[in-house]
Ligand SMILES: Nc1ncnc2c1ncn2[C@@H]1O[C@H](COP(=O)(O)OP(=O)(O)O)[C@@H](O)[C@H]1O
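Below, in C-alpha cells: the form predicted alone, a single chain.
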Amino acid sequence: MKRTPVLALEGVSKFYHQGDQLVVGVKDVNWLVQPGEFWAVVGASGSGKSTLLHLLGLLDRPQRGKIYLDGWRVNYQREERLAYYRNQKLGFVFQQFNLLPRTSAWENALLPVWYNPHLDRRQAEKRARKLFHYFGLWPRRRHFPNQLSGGEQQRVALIRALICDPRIILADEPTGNLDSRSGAEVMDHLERLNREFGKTVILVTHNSQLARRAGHHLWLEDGQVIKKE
C-alpha cells in the first residue's frame, strides 16, 4: 500500500522584495518526505535553506505552489489552524537555542504545553521526566540556561521540541553554536530520535560532514533544488 508522505511540496516558490528588486527565496521546489526519513538540506549561505525551513515549519507562506502535511494542504489554512499543526505535528530546534533566560530548564521544556489545550498537563510532565532522564539532564532540570553548557542548552531545546510528541523534527543548524564534541552529541541524539523513535528529521546545515550522517540529501543553490538523493 502506498504511504502518504509526511511532507510534500509541489512547485513551491517564495520571493521577497528588497527595494525595487525581487529576490528569490526558493523557486519551483518539488519534494516528498516519507515518514521516518532523515533528510539534510544542504547549501551555501543565501541558497534558500532558511526560507525553505520556514515554509516547512508553516512560519511563512509561499506565493506559488502547494504544501501538504500528512496529506492535508496547509499553505492556505487559517493562522489558527497553522498554529495547531505547528504545535501538534512539528518540533523545532534552532541554532540559538531560544531558551527563556529567567526560566528553568524544566519550565523551558514545558513551554509548548501552555499553548496546547489538547495535551494533558500531567501526561506532559510524565513525558518530560522521561525525556530529561533520556537526555541525561534530570539533575540539571532546575538550572537556568546561563548555568548550563551549550550542549546542555541544546538538549533542553530538543526536549522542548519533543514534548508534544511531534511527527517531524525541524533542526536549523542545531550544532552551529556548539564545539565539535557537543555538536557530535546533538547529531547522535537526532539520529537516535530518527532510528529508535521513528521521528522524521529534517536538518538544515551548510556542514557537509554533518550532512553525510543523514540518509537523504537535498541540495539548494540560488533557491532551486539542484540535486536530491
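We number the residues from 1 along the sequence you see. Small disclaimer: the values here were computed from a predicted structure and weren't measured.
The same protein also has a form predicted together with the named molecule, omitted here; what follows describes it.
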Contact flag, residue 211 vs the named molecule in the predicted bound form, heavy atom cut 4.5 Å
no
Even though the partner isn't displayed, in the predicted bound form is residue 34 close enough to the named molecule, meaning a heavy atom within 4.5 Å?
no
Check whether residue 47 has any heavy atom within 4.5 Å of a heavy atom of the named molecule in the predicted bound form, and answer yes or no.
yes
Taking heavy atoms only, is residue 51 within 4.5 angstroms of the named molecule in the predicted bound form?
yes
Going by heavy atoms within 4.5 Å, which of 174 to 182, 39 to 47, 156 to 164, 189 to 197 lines up against the named molecule in the predicted bound form?
39 to 47
